[in-house]
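Just one chain follows, in the form predicted on its own, and it is written as structure tokens.
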């Protein structure tokens, strides 16, 4: 498919449709080919900025008629090349579709366009007493978070995107617009199409509207940090917290390598040891009780230096340090690029998987800090490499491969929240076997020409 040969004619038709909101400027194309991932930049042939679902549907129809690939684009924060234009084509940037369409306070849900970011959404919800809790760290777009089935620091209490998306509006590959569900909190009406599109990375349809669950802002919040003599002790403490039925909102692990980076980047003085970052939500009495039990449990597992942050500004400082681990990690090796990868295992195997991975990275000489959403068995490694050294990249990919194989052997997954994108294609069949053929069948049924975000999830050519 020679997509670039047809870009000029398509650009002319799209310009007639949406005017200057269709761009072939080199700087715009290059910007949309990059992301936070280590994968090579892959630019589209044209970028369009629709404002309505009707415009998206017409763009998709024009692209389908021209045989032009279609790549949905949010905030560009993906970590596995999920929105890279692997086959060129038209990039649909949702920056102008960033509105809150309806807030249903009594039902605790909200209807939004895909381009709104999580911080923008919560800013607009501030006066409602409700909030949207999914926090992947970056200020990602809600559409991108839905497409990658994102989660983050509060998933241990509030779940992931699959648990918080009630319904979707989706433009299919032929331009048809469907709604996958109503706003009811449960339904037994036919196939669960909502869950089919959540996590599909734009390969089955283009999401144009999302209905989300909201949650009450807790009356009291308390956060804390606690250091441990080793990774195993920190993970054992996290497991004990989960098994004690404490409804912790966040249980985050930062290893000693990353703590060194955090101290340098944020000018802090934390102990450079494996550390748990904790947060509890509830009433004043409930939070106080949870804190007391948590401190006792962590102490039993060798935790020390327990420090509480109850004031909003103190909590903000603590979580700002945690949320900036990408930049703190990069600071450990100036000029480096990070191969960022994640896996997820049953929490009973987490300590084993995490400590073996730490040992593997150290034995191969990599500076590779680890952070983890250990409350649900998910952790991330930032493998710092010289971007101009092919041997380092090969070594980092080999380290990632061993990390994934270790997790899958423990009944885990190759990606807890980054998605497959370009980077985890080789591991999907090892993990799911014949189920991948079923995924291909679904893809072929909904996108027979293989135009929707081609080159993602599956190895080889799209259907």
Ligand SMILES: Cc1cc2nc3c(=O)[nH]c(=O)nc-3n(C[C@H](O)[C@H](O)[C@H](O)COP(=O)(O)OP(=O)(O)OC[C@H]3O[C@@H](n4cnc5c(N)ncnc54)[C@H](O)[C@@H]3O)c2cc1C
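Positions refer to the first chain, counted from 1. A quick note: this is a predicted structure, and the numbers were derived from the prediction, not measured.
Keep in mind the form predicted in complex with this ligand is missing from the figure; the text below concerns it.
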> Which residue, 278, 381, 83, 254, has a heavy atom that falls within 4.5 Å of this ligand in the predicted complex?
Replying inline: 83
> Of the residues 198, 294, 385, 207, which one places a heavy atom within 4.5 Å of this ligand in the predicted complex?
Replying inline: 207
>> If we define contact as a non-hydrogen atom of the residue within 4.5 angstroms of the partner, is residue 329 a contact of this ligand in the predicted complex?
In response: no
> in the predicted complex, does residue 236 have a heavy atom within 4.5 Å of this ligand?
Replying inline: no
> With the partner left out of view, is residue 145 within 4.5 angstroms of this ligand in the predicted complex by any non-hydrogen atom?
Replying inline: yes
> Hey, in the predicted complex, is residue 45 touching this ligand, heavy atoms inside 4.5 Å?
Replying inline: no
> Taking 50, 53 and 175 as a possible spot, do all three reach this ligand in the predicted complex with a heavy atom inside 4.5 Å?
Replying inline: no
>> Given a 4.5 Å cut-off on heavy atoms, tell me which of 394-402, 412-420, 61-69, 434-442 is the interface stretch with this ligand in the predicted complex.
In response: 412-420
